[in-house]
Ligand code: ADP
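As structure tokens, one chain now follows by itself in the form predicted alone.
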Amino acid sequence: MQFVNDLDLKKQAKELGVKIWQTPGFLFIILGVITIFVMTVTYFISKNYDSPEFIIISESLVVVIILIIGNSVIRLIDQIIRLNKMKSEFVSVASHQLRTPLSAIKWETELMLSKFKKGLNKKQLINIENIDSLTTRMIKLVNDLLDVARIEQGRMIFKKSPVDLYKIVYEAKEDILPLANARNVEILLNCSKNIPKITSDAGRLKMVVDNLFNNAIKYTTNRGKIEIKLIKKNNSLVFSIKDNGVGIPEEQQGRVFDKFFRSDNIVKYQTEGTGLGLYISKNIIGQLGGEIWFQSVEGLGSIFSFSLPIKN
């Protein structure tokens, strides 16, 4: 399947932002065709010539052609890598610059809502609450972009210590409960309190768990149900969250953990979202020595799970 995807030159050109004839796949195909053609011609001609010099010259010609096309492929890949690095650096710098004024706005709105709420009329209160809500969303987006930049640059820092995963899951459930109640979604927590601690990064794990909870709530329709499990299996802890929401179309499931991906049916239910949460979650779990996976049926729901080693 991967080999077939590599031959989809139109898709490759669109993803890389180049012409079809500039894609690595096209250049490799041309390289193969020319190599086969030249070697075939060399074979038939060499049958009529016993001169070793002719064979050496012919083989040298094949090598030169391979080097020329190979160099073109290398230059294209090098250009893509450089552009990707520039993009990551730009996102990192821009996100840092955006976070400072957004944080200031957030502090000001929280101050007004906490200390001067009584002096505001109804319209003013609604406007400030809207500003506060939008600022929170923007700060999350900026933080997600910073995490993506750190992942791509290999600069994501992990601070490992003994972690109580049950506590993280329980607190995430309590935090999301008001939203679940507002959407008439029932949350069932099936976890043993005697789950052993693991050596991991509590902050990063909380990001992953919060993201999975948020997704389950957002994509579960009214009067839905979410079931959370946390069990010890062999030498790992396994977390899973099951919903009876909209699910993911089968033909799009291979892209679920891709950056910026959101399935077509999900966009119909939730216009908000960046498609970065699962990409970040997968990288965090992977760098913590674990695995993340899912099962989903469109219209019936999804189960997202991850496992982490108890001793790491």
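Just so it is clear, the structure is predicted and the values come from calculations on it, not from any experiment. Note that residue numbering begins at 1 and tracks the sequence as displayed.
Keep in mind the form predicted in complex with this ligand is missing from the figure; the text below concerns it.
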- Does at least one non-hydrogen atom of Asn211 fall within 4.5 angstroms of this ligand in the model of the complex? yes
- Message: Is Val38 part of the interface with this ligand in the model of the complex - any heavy atom within 4.5 Å?
- Response: no
- Message: I'd like to know if Thr109 sits close to this ligand in the model of the complex, meaning any non-hydrogen atom pair within 4.5 angstroms.
- Response: no
- Message: Although the partner isn't part of this model, could you tell me whether Thr135 comes within 4.5 Å of this ligand in the model of the complex, counting any heavy atom of the residue?
- Response: no
- Identify, from the list Gly286, Gly275, Gly32, Gly70, the residue with a heavy atom within 4.5 Å of this ligand in the model of the complex. Gly275
- Message: Check for me whether this ligand, as it appears in the model of the complex, comes within 4.5 angstroms of all of Lys232, Gly290 and Ser307 - heavy atoms only.
- Response: no
- Message: Please identify, from 186-194, 151-159, 216-224, 122-130, the stretch that has a heavy atom within 4.5 Å of this ligand in the model of the complex.
- Response: 216-224
- Task: Scan 106-124 and write down, in order along the chain, each residue with a heavy atom lying within 4.5 Å of this ligand in the model of the complex.
- Result: none
